[in-house]
Structure formats: structure tokens, C-alpha cells
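Taking the form predicted alone, here's one chain by itself in C-alpha cells.
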Amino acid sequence: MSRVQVESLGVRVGEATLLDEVSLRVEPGEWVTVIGPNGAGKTTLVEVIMGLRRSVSGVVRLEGRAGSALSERERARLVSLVPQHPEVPAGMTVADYVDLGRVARRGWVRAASSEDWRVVGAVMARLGLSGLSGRDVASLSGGERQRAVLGRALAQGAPLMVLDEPITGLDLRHQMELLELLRREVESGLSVLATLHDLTLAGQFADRLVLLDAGRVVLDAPAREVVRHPELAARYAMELRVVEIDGADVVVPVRRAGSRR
């Protein structure tokens, strides 16, 4: 059964169509990344899947269940979110921040159990956060902070994680570290649906790429096929070249001749 199945999704705001007949799915242990130019509908898609925005047509199914019929607690058991701009409260330790993922399952009234702290400890160990457990989360560097955000989502224990531009604001090393951490979680059975602007990293880490443009699915295929497809350059309205380095595809934008000096 698919972790998430999106069927003929449509979203409109006034006269504007944000999503138009969008369909895709993510299988167990699969990483699917949605790419596309600004305004393609990537964040809108994330919001509908997470129940943060309503669609006017179509359906989102999580583990075969219609998302619109799920309570917040039920949804939290099926899908976690790493937002593009997560809120990081000052005065909270890293361990308590990661434990917020458990709150999504147990509710705000119940105190953390020994099982909750066992899960939090295991997640922090996997992400290299154990030595930071007592630090104020607001004092962390950008890379450390994003690992804490990932830890909170992993502590939730949902089989599907949705990430909206998770490497925004990180330098190259921290981008790679975060994506490598996420890739290991996928290899352990987690399913991932992400949005990314970086076409090279999207192609290197995802199993499949879904190209959105003007709210519609243009391509949905294995990553290597999508980054080499001529439709990719057409949708970004620029010349792109793919260079293979040590077996990995690197997408290179090429300046138009008229823009050179």
C-alpha cells in the first residue's frame, strides 16, 4: 500500500489555479522529490497533503485512508512535516524540542513516558545530537538546528515524512550532511516526499522526481531520467546541461550567449 497517494488534486484561489489534476504516490521506503520553477505549486501540494490547505477536487490518501477523514492525532501517526521555515522556540533544550515529535502522538496533557525518552534518545544518537541534548535549541548553528528539526519529525514515528525545501539556508557541507542522514533513514524504511530547488541534489538523492509546472505534473519518472529529459530545461526556460561525475549527474545552467561579456 502506498504511503501517500494523491489523486487528481485541484486547488484554486480566486481565479488562480494552483494545482490542476495532480496525481502522484510514494511507496514504502521510497524517496520522491518534487521539483519545478517558482510558482509551480510545490508548497501548495505539501500543504494539502499535511491538511493545512483544502483542495477543491481530488483526494489525498495516507496509508489508504482519505486525509480529509483523519483527526490530527491520526494524521500525526501517518505523516510528519519538516517545514521550510520551522519555528524554533528559545529557552527549550534540544532534547525537549525533539520530544515535541512525541507530543504529536501522545497529546499535550500526558507527560513524556520512558518509551518517549527512549525514542528521543535513539533518534538523537542517529543524528549526532546526543552531545547537544541540554543546549538551548535557539543557540544551535544552522546545520545543528536543522538536524534537530529532522529529529523532531523522526521522533514522531510516522512512516512518511514530508519536507518542504529542508536545506534552505544551509551551506554546501550541511546540505549534504542533512540529505545523507535522510537517505539513511529511507534505507531503513522511511518514505520521503520532499521539495527541492537544487536539481543536482534532487537527482542524486531521490529515487523518483516529479516535475511540476503551472500546477500540473509534467514528468514523473526515475531521477536520472528526469534530469536528462529535455522537458526539464523547457520548464525552467533556460539551457541546462548534465555532466556525469563519478557516476552522479550534475545539472549545470548555461548562460545565454547574449548575456556574456
Partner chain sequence: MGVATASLVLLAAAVLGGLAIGPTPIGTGRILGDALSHLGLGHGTLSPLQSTIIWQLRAPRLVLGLLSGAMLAVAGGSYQGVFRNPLADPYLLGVAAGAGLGATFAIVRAGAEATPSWTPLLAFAGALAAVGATWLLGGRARHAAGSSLILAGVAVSSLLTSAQTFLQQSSTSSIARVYIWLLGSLASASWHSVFIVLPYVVVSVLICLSAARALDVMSVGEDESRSLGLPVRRVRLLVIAASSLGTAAVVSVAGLIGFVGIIVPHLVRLLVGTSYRRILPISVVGGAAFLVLCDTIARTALAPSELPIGVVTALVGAPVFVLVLNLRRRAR
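Nothing here was measured: the structure is a model prediction, and the numbers come from that model. Numbering follows the first chain given and starts at 1.
Although it is not shown, the form predicted in complex with its partner chain is what the next lines describe.
Stretch 96-104 is the contacting one of 96-104, 166-174, 185-193, 118-126, since its residues have non-hydrogen atoms within 4.5 Å of its partner chain in the predicted complex. Of the residues given (76, 178, 160, 132), 76 alone sits with a heavy atom within 4.5 Å of its partner chain in the predicted complex. Of the candidates 221, 69, 56, 52, 52 is the one whose heavy atoms come within 4.5 Å of its partner chain in the predicted complex; the others do not.
Residue contact with its partner chain in the predicted complex: residue 146 places no heavy atom within 4.5 Å of it.
Residue contact with its partner chain in the predicted complex: residue 138 places no heavy atom within 4.5 Å of it. Using a 4.5 Å cutoff between non-hydrogen atoms, residue 142 does not count as a contact of its partner chain in the predicted complex. Along 85-103, residues 85, 86, 87, 89, 90, 91, 92, 96, 97, 100, 101, 103 each place a heavy atom within 4.5 Å of its partner chain in the predicted complex.
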